[in-house]
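Just the one chain here, the form predicted alone, laid out as structure tokens.
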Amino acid sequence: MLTKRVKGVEYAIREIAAVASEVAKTGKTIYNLNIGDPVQFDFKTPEFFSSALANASKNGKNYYVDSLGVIELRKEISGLLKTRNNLNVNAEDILITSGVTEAIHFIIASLIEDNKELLIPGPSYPLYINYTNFFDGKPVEYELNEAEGWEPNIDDLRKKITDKTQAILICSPNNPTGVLYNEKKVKEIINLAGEHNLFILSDEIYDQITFDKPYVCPASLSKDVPIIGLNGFSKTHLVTGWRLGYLYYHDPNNKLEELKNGIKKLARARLSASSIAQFAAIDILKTPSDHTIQMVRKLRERRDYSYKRIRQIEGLDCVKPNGAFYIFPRLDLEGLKKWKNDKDFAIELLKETGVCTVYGSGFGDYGKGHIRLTILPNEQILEKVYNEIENFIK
């Protein structure tokens, strides 16, 4: 018998891919704009990264490593946090994980039970909703206000803090909206957390993929509110399949000691993240490269083109994203009377045109009435996609 917790797991990003596989069997060309994987487009992993991975294996690094991560890598990340964000985080306060996904798992498994609540932005990456539900908690969405460029609604956030709230999630740049929270809003969220003796989870996986303004790290703004940062190599360094991430603790007053120890137990129980990926990552961080700068340059052009085209399509509108590589158009479902909801629209669009998007309701209640597309394909492919969407709606 299947458990209730597994029956409740939904992940729209991959579930729409299963529909796409069936559509592909009919011979239709599929435009995969559902999964945020730059390596599957014209963003290639730098050659020296691949060589570093192969060399790590050839040089005998094929063994279990420290469950908390290779200490040399943790020291390199500590230096990176100092250089990039002016953070003083010791190597002992960094944990290497199998992607950010595992870091999310560790934190929520250690934090949530018995209907306790995690405050997450809405719309939100669905894994936070899934894991909170999975561990018998309650995901509570605070509004990202579309009318204000998807910036967080601080009044709404304040109203949703209860005695069951365990932490507040900041996801900036945000998946799926692409919003980069402004510094004033981040400070307000940190202050709210301090008032209620909460800590902040900060999902920073897209921190180097910004277009119009620089990223501001929440931990760099916090003097005493604990912050757990989540980051990794997948997006910025174009190694999505390596599954290499990390979490770090900014905890000036040691308020998270019990939680840290619980997370360490989970890390030890799963042995370790990939040894060869960790040793290769040391070389990546030590070797200067402009691959991220080049990626952002191309993505900015594709963002601008996508924003322009989508706003020209009757029945669609969108906020211009300023980070990550997604765009989140709103459907005029009152005008487009043929479709009851965003899921119906996305599935019929896929079956009729081969354009694979993600229905916005898969990102929580605030995502309803939207679809998410990646802006990763080149402009020629994007032109075909937007032509298909325009003709489909007409």
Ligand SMILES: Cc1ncc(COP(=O)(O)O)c(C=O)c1O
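Residue positions are given as counts along the sequence shown, with the first one as 1. The structure displayed is predicted, hence computed values, not measured ones.
One more form of this protein exists, namely the form predicted in complex with the ligand; it is left out here, but the text below deals with it.
At a distance of at most 4.5 angstroms from the ligand in the model of the complex, none of the three residues S110, F199 and I227 contributes a non-hydrogen atom. Proximity to the ligand in the model of the complex, defined as a heavy atom within 4.5 Å, holds among T101, T165, S289, N145 only for T101. This chain is displayed alone, yet in the model of the complex one of Y326, Y366, F49, Y31 has a heavy atom within 4.5 Å of the ligand; that residue is Y326. The ligand in the model of the complex is approached by I205, whose closest heavy atom lies within 4.5 angstroms of it. Looking at K264, you'd find every heavy atom of it more than 4.5 angstroms from the ligand in the model of the complex. With a 4.5 Å cutoff on heavy atoms, S274 does not count as touching the ligand in the model of the complex; it lies far away. In the model of the complex, the ligand sits beyond 4.5 Å of every heavy atom of S306. Residues placing heavy atoms within 4.5 Å of the ligand in the model of the complex fall in a single listed stretch, namely 233-241, out of 277-285, 248-256, 233-241, 113-121. Taking the ligand as it sits in the model of the complex, the stretch 158-186 comes within 4.5 angstroms of it through a non-hydrogen atom at C171, N175.
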